[in-house]
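Starting off, we have a lone chain in the form predicted on its own, written out as structure tokens.
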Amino acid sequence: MSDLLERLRGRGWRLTAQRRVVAEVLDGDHVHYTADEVHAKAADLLPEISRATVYNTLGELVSLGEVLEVCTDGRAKRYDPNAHHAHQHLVCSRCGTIRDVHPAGDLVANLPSEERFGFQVSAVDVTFRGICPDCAAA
């Protein structure tokens, strides 16, 4: 069983066939699918699943804090099931591929106090940008 499915079961979230398929599609370390990609992959597993059900399920998962909604550079929202593990994103500026990265050190602690301007920093969201190997080879 996937990490996401285990977390959802632990919450007592009712796992209908449709919800289970969406969670299964989102399983993986570097998964960052758009809603349409989730729907296409879910339909391969459960042909009768509707686009509305996929969108509603993704919205519920985001509201529960079990999936992150990732928006980069005006592209379609992507959904990241790696919500419970601190990480940042590396995004290809050409094709939009997203990979999870884990920079060393505590990014909050490394922000000098004079650069906090009195803020009590509670979270960090850093996006690294570059060109992925596939685009660099093209």
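None of these values were measured; they are calculated from a predicted model. Numbering starts at 1 and follows the sequence shown. Each form is matched to the other, and the largest set of C-alpha atoms that superpose within 1.5 Å is called the rigid core.
Keep in mind that the form predicted in complex with a further copy of the same chain is not shown, yet the notes after this line are about it.
- Across the options 101-109, 46-54, 59-67, 33-41, residues that bring heavy atoms within 4.5 Å of a further copy of the same chain in the predicted bound form belong to 101-109.
- Residue contact check for D29: none of its heavy atoms lie within 4.5 Å of a further copy of the same chain in the predicted bound form.
- Using a 4.5 angstroms limit between non-hydrogen atoms, V124 touches a further copy of the same chain in the predicted bound form.
- Using a 4.5 angstroms threshold between heavy atoms, C92 counts as touching a further copy of the same chain in the predicted bound form.
- Contact annotation for L5: none of its heavy atoms lies within 4.5 Å of a further copy of the same chain in the predicted bound form.
- Taking a 4.5 Å heavy atom cutoff to a further copy of the same chain in the predicted bound form, the contacting residues in 35-73 are C71, D73.
- The rigid-core alignment places the CA of R116 2 Å or more apart between this form and the one not shown.
- With the core held fixed between this form and the one not shown, D44 has its Cα displaced by under 2 Å.
- Core-superposed comparison between this form and the one not shown: the Cα of L107 travels 2 Å or more.
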